[in-house]
Ligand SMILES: Cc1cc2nc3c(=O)[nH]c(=O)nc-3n(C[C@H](O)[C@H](O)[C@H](O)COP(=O)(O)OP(=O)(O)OC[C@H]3O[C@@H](n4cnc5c(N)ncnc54)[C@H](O)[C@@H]3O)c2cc1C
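Single chain ahead, by itself, as structure tokens, in the form predicted on its own.
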Amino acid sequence: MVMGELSQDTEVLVIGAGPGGYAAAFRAADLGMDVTMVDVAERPGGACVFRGCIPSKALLFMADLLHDTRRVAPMGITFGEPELDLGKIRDWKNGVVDQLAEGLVTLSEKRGIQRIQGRAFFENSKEVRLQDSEVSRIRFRHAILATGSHPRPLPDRPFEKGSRIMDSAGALELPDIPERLLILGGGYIALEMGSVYAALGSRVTVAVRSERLLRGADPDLAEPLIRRLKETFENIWFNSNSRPRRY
């Protein structure tokens, strides 16, 4: 978009339209405030909807179906090896994402929230200027920062499309199904992606710097999942930055 010369005022300015930003905008609008939400993307949803939770959960649903066909073999029910059409899988996953994103657009419109695509920079404590937007400046009474996070690349090795080294967003695009896959990190996104690729046929190894997986979760709650992952993944390595210990 071409930078415009328009300026406007709002009571509450929300910068970022991910699950933190749109939830804050919805609440403020429900309380009767005039709300403007600014994000670099055209639709609300942020990393969760477009590059994280939602596409990974959609693929996990598919992975569970594949696991179910294999788990019933001891019961006397045997299925042949599945034929994978990655193009159709990607289209289905993207359809789920689009449906939820459009739902957030509808919820924003029903609340009278103004959505502006662009990147905001603070000029002072009451005003931001916008880049790549039809609106040039916004004056606000209150501002909420919900700009989210992004994956940290390896030193001197940026994430590039088509590269063998991917971030989680690149992995969610399912460029192909590698024979072997190394996942660095033991958080929920890492384990979700590992589970998906393992279900699709990859031999998955997970390496973490800590002593256990899912450090933010209660160990008793995480243990049933970890037992299953020991059967799903080829290897799980702990203390990978010092003296690795295999799980």
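Residues carry their position along the shown sequence, with the first being 1. Fair warning: this is a prediction, and the values are worked out from it, not measured in the lab.
The next section is about a form of this same protein that is not shown, the form predicted together with the named molecule.
- At least one heavy atom of residue 57 is located within 4.5 Å of the named molecule in the predicted complex.
- Proximity of residue 138 to the named molecule in the predicted complex falls outside the 4.5 Å heavy atom cutoff.
- Residue contact with the named molecule in the predicted complex: residue 119 places a heavy atom within 4.5 Å of it.
- Residue contact check for residue 148: one or more of its heavy atoms lie within 4.5 Å of the named molecule in the predicted complex.
- Stretch 45-53 is the contacting one of 27-35, 215-223, 45-53, 198-206, since its residues have non-hydrogen atoms within 4.5 Å of the named molecule in the predicted complex.
- Contacts between stretch 17-33 and the named molecule, counted in the predicted complex as any heavy atom lying within 4.5 Å, involve 17, 18, 19, 20, 21, listed in sequence order.
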